[in-house]
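Encoded as structure tokens, the following chain is the form predicted on its own, with no partner shown.
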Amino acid sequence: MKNHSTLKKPAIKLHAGQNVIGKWHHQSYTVVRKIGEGAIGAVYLCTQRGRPVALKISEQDAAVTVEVNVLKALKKVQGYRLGPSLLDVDDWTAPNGRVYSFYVMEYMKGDRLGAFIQAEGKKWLGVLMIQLLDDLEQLHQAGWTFGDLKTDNILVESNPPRIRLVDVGGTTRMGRSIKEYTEFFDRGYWGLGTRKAEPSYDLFAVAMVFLHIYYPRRFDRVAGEASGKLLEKKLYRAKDLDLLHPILKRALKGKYLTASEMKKDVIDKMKQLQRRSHYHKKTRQKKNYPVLESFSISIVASIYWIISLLLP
């Protein structure tokens, strides 16, 4: 599966130990290693005065300006940390004399969403989906679509587990054409909608993100088979997602107009599971069901934790 953009791939490469010194602000950053690469530039883990930071560098100054403006816009969404904090914006003159634009963000530590679920268990599926939908709702209300939403762009920080969105390179103003996407998560690739920046575009990707957890190698379209039928078949084979099947199916079909609609359905399903678990616990007396009871307790604790996060 490919990542697509109207912008060309970056040519700049930095090596470990190299210093990047800002032309205007004169801040110095020492490269540790590359941690990612997008359509307009590469992201490097660097250190500045002993603290880790993430530095994204590109030869396309206009594209860098767009991403910086996105980060500034996200910062204005009060009470939410929708993306990494912006720390610095500058230019760097390379040894060959070429000038590159870069910006520096906080370095966010955490596990990729799929790795976290595999390690901690499916009891976190609903909790993390609600967090993701809540963040997307705030982003949409601010006038943006995330665009290139995929598992690689979602981290789970620990203590307590919290979703963080990274790499805003695909973030697009509502109503415009998505400027960067990855085929597997793109409804246009599957022929199930346009690439217009709107909430339903991101919500389709949410469903594909959770499918990707159970199909880490991804899968392609099949000649002669309708994409909708193929995705539905894959969804129902992911047994750990059984409780969320109707919700994810609606998202794949573009039936949700807002993230808050989808979030409400997920919360309702979690409450339903909690009530069902409570019923089984009461009616099956004198029997020991440690797995079911532990799962029920986790769900209840998760719901109370979510509510505490959403309270002002």
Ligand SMILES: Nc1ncnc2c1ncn2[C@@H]1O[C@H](COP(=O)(O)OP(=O)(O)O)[C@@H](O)[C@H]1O
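Being a predicted model, the structure only gives us computed values, none of them experimental. Under this definition, the rigid core comprises the largest set of C-alpha atoms superposing within 1.5 Å between the forms. Quick note: we count residues from 1 along the sequence shown, nothing fancier.
Keep in mind the form predicted together with the named molecule is missing from the figure; the text below concerns it.
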For this chain shown on its own, do Gly38, Val43 and Met105 all sit within 4.5 Å of the named molecule in the model of the complex, going by heavy atoms?
yes
Using 4.5 Å between non-hydrogen atoms, is Asn153 touching the named molecule in the model of the complex?
yes
Contact of Glu180 with the named molecule in the model of the complex (heavy atom, 4.5 Å):
yes
Are any of the heavy atoms in Val166 no more than 4.5 Å from a heavy atom of the named molecule in the model of the complex?
yes
Can you check whether Val266 is within 4.5 Å of the named molecule in the model of the complex, heavy atom basis?
no
Choose from 24-32, 256-264, 240-248, 52-60 the stretch whose residues reach within 4.5 Å of the named molecule in the model of the complex, heavy atoms counted.
52-60
Counting non-hydrogen atoms within 4.5 angstroms of the named molecule in the model of the complex, say which of Arg176, Lys233, Lys75, Arg112 makes the cut.
Arg112
Would you kindly say which of Pro199, Gly126, Gly147, Pro84 lies with a heavy atom within 4.5 Å of the named molecule in the model of the complex?
Pro84
Taking the named molecule as it sits in the model of the complex, which residues of 247-272 have a non-hydrogen atom within 4.5 Å of it? Please list them.
none
Post core alignment: Gln60 C-alpha displaced by 2 Å or more between the shown form and the other one
yes
